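In structure tokens, one chain follows: the form predicted on its own.
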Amino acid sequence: MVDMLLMILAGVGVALFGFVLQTSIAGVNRKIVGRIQKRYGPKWYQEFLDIFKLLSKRSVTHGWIFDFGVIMALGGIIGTAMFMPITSSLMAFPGYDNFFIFVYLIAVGMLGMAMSASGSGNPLASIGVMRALTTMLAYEVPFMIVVLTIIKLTGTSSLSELGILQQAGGDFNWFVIALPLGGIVAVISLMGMLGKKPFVTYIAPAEIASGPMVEYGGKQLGMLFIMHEITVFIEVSLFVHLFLGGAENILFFIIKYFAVYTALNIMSSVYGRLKIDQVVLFFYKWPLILAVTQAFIAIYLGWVI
């Protein structure tokens, strides 16, 4: 009982670490993107100030479904982050860092957000939810094919074990290099997961007034900002463990995390935004073709770099 309580506390610590890390790096990235666009950008800690200010304000409710969905979304994402390993040996729940646990648990948070936004009664929120779920179906198919290829080759779906295999070298280098086509698909899919341009279709303020977020304010919006930062932490961390060899220590993890998130932000800052039908057609065309080709080459021909 005591051991379980300690693991739960450690898991909450991992989620808190993810929130602080991602919010800090997001603030630094706002400065970097600002300089690219020839402006100064806000202070690196501005996102913390925005979140704390929102949490101190009152919010409007649209019924218990609207309110409960926000709690479900934040709780589901925090619960998912609790299982994330930081390094190959530093994790709150050893042996429970299976990739499929993250696939199932992260859906709880996403469905909570969808339920809450739909419960607001605003048609623009419902359209945004529909776009978000449609985009999710588009990028998850090629991404899952690449990850299942890795699991088939290694015989494990544990993030920590996959990291150790890549760190050891031998038959496997970092999978972003060993499976180059799969690495390209993973980068493109990660941009879709993070809602980076050109795949940010569900916010689209010029079309649907910020989509799912249109009815939120005060405490609820602050909670959703926290949910967003922890979600980004989960998704970027998955990429680091699956394709960049995980991390031997926490410093390497932060360096890899910062490099991945910053590179995607820089790429996003120079792109325009695609329409929702263009996003779906794109993911079901080139990334899907590359993912299937990589799976065939790696599994049936045995060609791994």
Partner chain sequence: MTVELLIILTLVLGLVSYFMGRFNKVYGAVVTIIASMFVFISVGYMANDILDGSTFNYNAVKYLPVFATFTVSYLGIFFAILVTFVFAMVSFFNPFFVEKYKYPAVYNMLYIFSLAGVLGVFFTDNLMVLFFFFEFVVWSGLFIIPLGKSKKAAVSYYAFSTAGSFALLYAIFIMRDVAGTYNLYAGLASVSGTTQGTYVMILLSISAFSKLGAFPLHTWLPAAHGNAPHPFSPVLSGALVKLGAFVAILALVKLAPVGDLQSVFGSYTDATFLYASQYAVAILGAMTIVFGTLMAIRQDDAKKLLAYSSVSNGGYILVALSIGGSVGLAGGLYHIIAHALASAAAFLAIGAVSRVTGTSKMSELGGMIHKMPITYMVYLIAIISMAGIPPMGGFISKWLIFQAVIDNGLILIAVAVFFGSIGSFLYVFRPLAALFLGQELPQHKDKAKIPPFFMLLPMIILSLLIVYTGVFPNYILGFINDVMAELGVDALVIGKYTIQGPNGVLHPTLVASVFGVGVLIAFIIFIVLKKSRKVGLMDTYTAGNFIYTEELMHYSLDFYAPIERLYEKYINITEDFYKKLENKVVDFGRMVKYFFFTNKPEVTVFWIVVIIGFLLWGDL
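This one's a predicted model, so the numbers in the text were calculated from it and none came from an experiment. Numbering follows the first chain given and starts at 1.
What comes next is about the form predicted together with the partner chain, which is not displayed.
Contact annotation: the partner chain lies within 4.5 Å of heavy atoms from the stretch 130-138 in the predicted bound form, the single such stretch among 191-199, 130-138, 175-183, 231-239.
Heavy atoms of Phe68 reach within 4.5 Å of the partner chain in the predicted bound form, making it an interface residue. In the predicted bound form, at least one heavy atom of Thr61 sits within 4.5 Å of a heavy atom of the partner chain. Using a 4.5 angstroms limit between non-hydrogen atoms, Ser56 touches the partner chain in the predicted bound form.
Among residues of the shown chain, Ser120 is one whose heavy atoms approach the partner chain to within 4.5 Å in the predicted bound form. The single contact residue among Leu90, Met72, Val187, Ile164, judged by any heavy atom lying within 4.5 Å of the partner chain in the predicted bound form, is Met72. When contacts are defined as a non-hydrogen atom within 4.5 Å, none of Phe17, Val270 and Val304 contacts the partner chain in the predicted bound form. Of all the residues from 1-27, those having a non-hydrogen atom no more than 4.5 Å from the partner chain in the predicted bound form are Met4, Ile8, Val12.
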